[in-house]
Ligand SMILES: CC(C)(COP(=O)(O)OP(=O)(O)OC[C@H]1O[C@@H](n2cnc3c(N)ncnc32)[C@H](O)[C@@H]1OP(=O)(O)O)[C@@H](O)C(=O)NCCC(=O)NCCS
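Given as structure tokens, the chain that follows is alone and in the form predicted on its own.
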């Protein structure tokens, strides 16, 4: 079970089976899925959401995890943030490198929840002993690029080292994060 985490604006908790309707609503939207994975596709039925939650709940690692993100003031689910092993191109299993990622409902876009949740997750990862955390984002996913920059992650350019695709790579290092930007 993942550790509960929070900030003034967001609460991060483990996924529950009762969250399946939200998960299906989130991942059945093309505007959420379009930048995810090598061949993006939407969820087609609620059973897929239930299976995803089951897989996310099975992760048992002190540093890694998949968190449901709630708005702290309302308790409303707004998205997810994760720390996970990143898949190296040409392989079928994650590497020992860790990536941060986030997926948020369009109703929550532009409100700072993704940045706040990612900041909390980064702090957790570093406190748990990680020395560096990567983020990869599709070249056209400018909102995710902005979040990485707001977090103070270093822009490391374009890479095809992960997930058999070309991405923009961002890096956060424990104790050496660059100055966050407001852009």
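Every value quoted in this text rests on a predicted model; they were computed, and no experiment measured them. Residue numbers count along the first chain shown, from 1.
Beyond what is shown, the protein has a form predicted in complex with the named molecule; the following relates to that form.
The stretch among 123-131, 136-144, 40-48, 63-71 whose residues place heavy atoms within 4.5 Å of the named molecule in the predicted bound form is 136-144.
Contact between residue 88 and the named molecule in the predicted bound form is not found at the 4.5 Å heavy atom cutoff. Not displayed here, the named molecule is approached by residue 9 to within 4.5 Å at the level of heavy atoms in the predicted bound form.
A residue is said to contact a partner when one of its heavy atoms sits within 4.5 Å of a partner heavy atom; residue 28 fails this definition for the named molecule in the predicted bound form, lying far away. Contact check for residue 59: every heavy atom lies farther than 4.5 Å from the named molecule in the predicted bound form. Contact with the named molecule in the predicted bound form holds for none of 2, 4 and 15, as no heavy atom of theirs lies within 4.5 Å.
Within 4.5 angstroms of the named molecule in the predicted bound form, the stretch 105-144 places a non-hydrogen atom from each of 108, 109, 110, 111, 112, 113, 114, 115, 136, 137, 141, 143, 144, taken in sequence order.
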